[in-house]
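Encoded as structure tokens, the following chain is the form predicted alone, with no partner shown.
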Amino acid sequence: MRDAASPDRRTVLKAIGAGMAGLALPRAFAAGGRGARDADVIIVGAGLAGLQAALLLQEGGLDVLVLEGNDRVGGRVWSLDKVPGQPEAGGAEIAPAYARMHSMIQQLGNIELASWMQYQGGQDFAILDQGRLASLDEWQKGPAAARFDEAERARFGRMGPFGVALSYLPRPNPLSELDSWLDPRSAVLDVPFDDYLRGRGASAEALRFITPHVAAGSAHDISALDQLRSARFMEAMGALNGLQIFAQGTSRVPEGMAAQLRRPPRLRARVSGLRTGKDGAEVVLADGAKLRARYVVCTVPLPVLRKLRIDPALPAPMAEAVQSIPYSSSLSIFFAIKEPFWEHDGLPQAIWSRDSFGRAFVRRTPRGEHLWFYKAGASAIPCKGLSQAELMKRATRELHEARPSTVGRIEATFAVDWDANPWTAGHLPYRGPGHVSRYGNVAATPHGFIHFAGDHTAVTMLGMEGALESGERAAVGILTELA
């Protein structure tokens, strides 16, 4: 398996440094010799990908300037420190195989981890199906489960209806390696997910349970190859009992990374365009100011990249890939728990639904407890365009209607809509049917002196580890060009 034990940053730099030994950097990169340039490398975006690239380039001897349009670092890593229970709005868990993240934690030295199982594990679900809330045992004995035939019920067993999709995925996974999704031989899997599942015997009832919870909001609009890639990644990351969470919040990682930069990230620096020329690159800010560097690393999500003016224009099919690769919708509404509502109705704490309701979890961390009401895919669509106050009001009403025991025992505290966030304009990238065959990973291709990073360009990893992987790749690409 490739990448499960990736070398740490110092090993990477040592290897590059061996190639650069005895080679003087060009005058533009020598200390104090940048001339008219504002930095050797400008990083656009202070998420994990941008900060990873910045630190590696800095360790490689380059002067780096990080620009971030938001008023904080971290991107889609965001610990809501001022919200009761300190919930996580974005990335939260890491697996044992997150080699880069564990290396970074060791480098930062002040990051405390806690067992995911100790705080989150073993949480049973109540099933909300067509307006009726029941325990898993009750659901499996009721008329809803009877819509599945006996063989199909046996396939997902104790996992309940949320295990339907997993029960139809082949074992072993046809993707033998973490990067096999890019192998041309895998193109036969680059088909609509619902068609793939039907071919494996999934019933219409099974598909009705699967559809609301895929990233696209429809199992027909996401590639089976994309889903198999995600499943292969989860297999490689290990069992749930190996997961860890950040005791003081995931945001401590990007904040710690930013603190190691010699030049602090420039916040509220809105970028409107990028330009690559014969001997360097230029970043254009929204106020018209221009910053020059030999290289630029652009790490913004694709929905944000689409709004930037790039000169000269990206070549096809890269431009088409940037415009076409979709992102999922995601809403998180957080509630303070005033009283354990589950003790009043005798049902499990968490709620899973196939309907537009979404899912709800009681989340516990060393920092406190809260209820996380999560809507993604199809369940997020009816909430598009609502303000934070409207989202909290709607979510409160939906929870009260679905579970009357929550009335008077929960209070909405905060809502996060990644679609409405101008610095992300979406949640996570996915691939539609045919996208991998058509575009591969062309979105990671350098354009002159502009390099690209972000989890949408990662090859082996996903999520936070994928972001770190992509930043590493961009930094290594630049340092290798200079070697």
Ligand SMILES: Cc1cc2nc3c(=O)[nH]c(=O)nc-3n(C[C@H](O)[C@H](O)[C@H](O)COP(=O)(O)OP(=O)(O)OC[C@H]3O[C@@H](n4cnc5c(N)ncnc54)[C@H](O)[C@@H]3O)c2cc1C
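Numbers for residues come from their place in the sequence shown, where the first is 1. All figures in this text were calculated on a predicted structure; none of them were measured in a lab.
If you look for the form predicted together with this ligand, you will not find it shown, but the lines that follow are about it.
For this ligand in the model of the complex, the listed stretch (353-361, 67-75, 312-320, 198-206) containing residues with heavy atoms inside 4.5 Å is 67-75. Just one of P265, G377, G90, G249 comes within 4.5 Å of this ligand in the model of the complex, counting any heavy atom, and that one is G90. A heavy atom within 4.5 Å of this ligand in the model of the complex is found for exactly one of R306, R270, R397, K384: R270.
Taking the partner from elsewhere, no residue among A39, L57 and A475 has a non-hydrogen atom within 4.5 angstroms of this ligand in the model of the complex. Shown alone here, A281 lies farther than 4.5 Å from this ligand in the model of the complex, counting heavy atoms only. Using a 4.5 Å cutoff between non-hydrogen atoms, H427 counts as a contact of this ligand in the model of the complex. Taking the partner from elsewhere, T365 is found to have every heavy atom lying beyond 4.5 Å of this ligand in the model of the complex. This ligand is not drawn, but in the model of the complex it has no heavy atom within 4.5 Å of I450. Although this ligand is not shown here, in the model of the complex the stretch 289-311 places heavy atoms of T299, V300, P301, V304, L308 within 4.5 Å of it, in sequence order.
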